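Given next, in structure tokens, is a single chain: the form predicted on its own.
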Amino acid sequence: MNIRENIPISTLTTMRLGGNARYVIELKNPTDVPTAFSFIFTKNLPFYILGSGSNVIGRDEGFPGIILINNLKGIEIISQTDKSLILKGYGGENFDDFIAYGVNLGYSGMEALSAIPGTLGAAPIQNVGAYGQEMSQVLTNVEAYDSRTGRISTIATPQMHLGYRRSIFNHGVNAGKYFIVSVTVKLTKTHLTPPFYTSLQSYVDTNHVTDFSPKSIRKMVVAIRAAKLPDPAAAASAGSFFKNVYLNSAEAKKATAKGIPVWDGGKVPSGWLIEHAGLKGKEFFGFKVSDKAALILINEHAKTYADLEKARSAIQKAVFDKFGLNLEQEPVEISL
């Protein structure tokens, strides 16, 4: 366990914003978890749990408490048959590496989530999803340290109350109270079948793909993401910046009549809204709407969260003025 003081949050997050954190503790072993929380309680300071920082925004005022970085590593097979694989990974494991592990063994369930940045421990928190797959479909349980009780317990999927980008870990009275030690999923020997989501189906059609095995789907998704999404190491970004918009049946009917695409479940792709509001490639207060994927906001030269606030508001206003729909930020913020 490594404890550092007065560390810029901008160095811990891929959007590269944020003032100093009072303390930063990197946890590398499960035994570090109770020790770190003992330090927290001794100091009587607030805490925030962080993975790779790819979906997190720092604020100008920094954080007056303790940031815990989940760097617990390891992947292990719990059980394997010719039909299914139960796979466990520790919270600091790279999410894409965990997906690749299952895919390389020939199992399906997470291949469409390939190349999403971040750690495995963060995936259940937001119920990560893409191209028709999401964590809720494969999760069996997580092991989590409960900061209120001081114990590590197993939480089964039904207890997580998973929804669109939400769970008990980021919503409600217990939000931010759990440190994800490990994640266990169940994968199967099945294949995704067409029709796929728009960009994936377009890739299939353009490249005349007929192999829909997990390895093939993963290869396609990685290629699609590489073409559209900036590498956080090269361009400061927090990935998808706005959540998709969900409409009820009456709202969906009105939106469709206006020519707005509404997918199954009343989902309106926020990237489409931003692009068709004429914002693709435009810059706002040092932030650029990606000219490859309008859902991505790139920090070109902004230094402050205040700039981000202004850029976010300008984009939200333009979309609302054009379509009457409200965009909500997807990345979470480090704050008290």
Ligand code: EPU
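Predicted, not measured: the structure shown is a model, and the values here were computed from it. Residues carry their position along the shown sequence, with the first being 1.
Beyond what is shown, the protein has a form predicted together with the named molecule; the following relates to that form.
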Heavy atoms, 4.5 Å, the named molecule in the predicted bound form: which of 148-156, 175-183, 162-170, 210-218 makes the cut? Say which one. 162-170
I'd like to know if Phe196 sits close to the named molecule in the predicted bound form, meaning any non-hydrogen atom pair within 4.5 angstroms. no
So, Lys310 and the named molecule: in the predicted bound form, are they within 4.5 Å at any heavy atom pair? no
Would you check, heavy atoms only and a 4.5 Å threshold, whether Val56 touches the named molecule in the predicted bound form? no
Answer with yes or no whether Trp272 is in contact with the named molecule in the predicted bound form, where contact means some heavy atom within 4.5 Å. yes
Among Tyr90, Phe95, Phe242, Tyr107, which has at least one heavy atom within 4.5 Å of the named molecule in the predicted bound form? Phe242
Of the options Val204, Ala236, Leu229, Val262, which one has a non-hydrogen atom that comes within 4.5 Å of the named molecule in the predicted bound form? Leu229
Within 4.5 Å of the named molecule in the predicted bound form, counting any non-hydrogen atom, which residues from 294-315 show up? Ala294, Leu295
